[in-house]
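Only one chain is included here, represented as structure tokens and corresponding to the form predicted alone.
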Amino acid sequence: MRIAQIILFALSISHFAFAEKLDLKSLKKNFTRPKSIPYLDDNKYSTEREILGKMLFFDPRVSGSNSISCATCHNPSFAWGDGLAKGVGHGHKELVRKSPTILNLAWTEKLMWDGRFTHLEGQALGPIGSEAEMNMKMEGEGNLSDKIKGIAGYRVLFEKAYPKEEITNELIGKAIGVYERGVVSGIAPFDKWIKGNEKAISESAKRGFVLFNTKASCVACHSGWNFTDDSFRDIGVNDTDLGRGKFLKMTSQQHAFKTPGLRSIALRSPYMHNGSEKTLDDVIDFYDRGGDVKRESLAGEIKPLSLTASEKMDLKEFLLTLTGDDKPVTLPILPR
């Protein structure tokens, strides 16, 4: 049974009755983890490229001030975010949006809160070249590629990873992209449950999974193994940021932001594109009341849910099962 059909059926009956008729086995298949990581045809994986990309990712010298690395805003200790309501950029100035996680972005075609980049290899260069973020020159004297070429250790690493290719800004982005594509959330209790281990999650979490797919309608936006349909919606957050509406003049895209994946969501507070919701409980309450702003662009999926206190608890218990057992990340020794 397809997810859309399940949701439509659920709207006509209570989630309790639905739980009795729901084919959980079939539904679980919609959330099965992929078996491999996708890479670009012209930027296939190699160990040498991963090593190089990791060094560039953690190297503050890719910023104009030599003090900000990609890992500054995408720290593995904070589920590859920074734990702040809004990111901090060049000159220690607060940015306008929260730093999104880079977990599982290999499967995403539109990146950033507003979707202005189409693949990781290109996106990596965006913050580096942004005056507000990392403030690194991308052209002219002292630009990014010249700076990296001036480091002898990097010249050796690039020769191993990309033999005979000239070090350019684009090639630097490719190397970082290879590393970032490998940032994948680990096996979570939820994954063990859908594989057949009934003891992997609690009965409360199981009820929460049913709610997620029925009464709460979370699956309408948070579908698939990474719990996102990668689309953009206005969910009723009370601020003036137009989001994707800055690029697309369609009414539906005004105040619209990317639907984030929910893997390791318990480790990624605060929430929303502006960090306005502090806890998972706050997020559940936000959706339960149908958002905070009613405007023409508000997504049709955003409606009051009338969840009970116990249903909210079950839903949260389910979300907690999405935190994976991630491998520890060791910091690289940077080239001189």
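Keep in mind that this is a model prediction, so the values were computed, not measured. One-based numbering along the sequence shown.
FYI, the form predicted in complex with ligand HEC isn't displayed, but the following is about it.
### Task
Consider the chain as shown here, without its partner, and state which of 222, 206, 149, 192 has a heavy atom within 4.5 Å of ligand HEC in the predicted bound form.
Selected option: 222.
### Task
Have a look at 79, 136, 111, 183 for me and say which one sits with a heavy atom within 4.5 Å of ligand HEC in the predicted bound form.
Going through each option in turn, the one that passes is 111.
### Message
Please identify, from 150-158, 163-171, 235-243, 193-201, the stretch that has a heavy atom within 4.5 Å of ligand HEC in the predicted bound form.
### Response
Going through the listed ranges, the match is 235-243.
### Task
Consider residue 39 of the chain shown here, and say whether it contacts ligand HEC in the predicted bound form, taking contact as heavy atoms within 4.5 Å.
The answer is no: residue 39 has no heavy atom within 4.5 Å of ligand HEC.
### Message
So in the predicted bound form, is ligand HEC close enough to residue 116 to count as touching (4.5 Å, heavy atoms)?
### Response
Contact with ligand HEC, yes.
### Message
Check residue 51 for me: does it contact ligand HEC in the predicted bound form (non-hydrogen atoms, 4.5 angstroms)?
### Response
Although ligand HEC is absent here, residue 51 would stay clear of it in the predicted bound form, with no heavy atoms inside 4.5 Å.
### Task
State yes or no: in the predicted bound form, is some non-hydrogen atom of residue 45 no more than 4.5 angstroms from a non-hydrogen atom of ligand HEC?
Answer no; every heavy atom of residue 45 is more than 4.5 Å from ligand HEC in the predicted bound form.
### Task
Heavy atoms within 4.5 Å of ligand HEC in the predicted bound form is the criterion; list the residues of 51-70 that meet it.
In sequence order, 57, 68, 69, 70 come within 4.5 Å of the partner.
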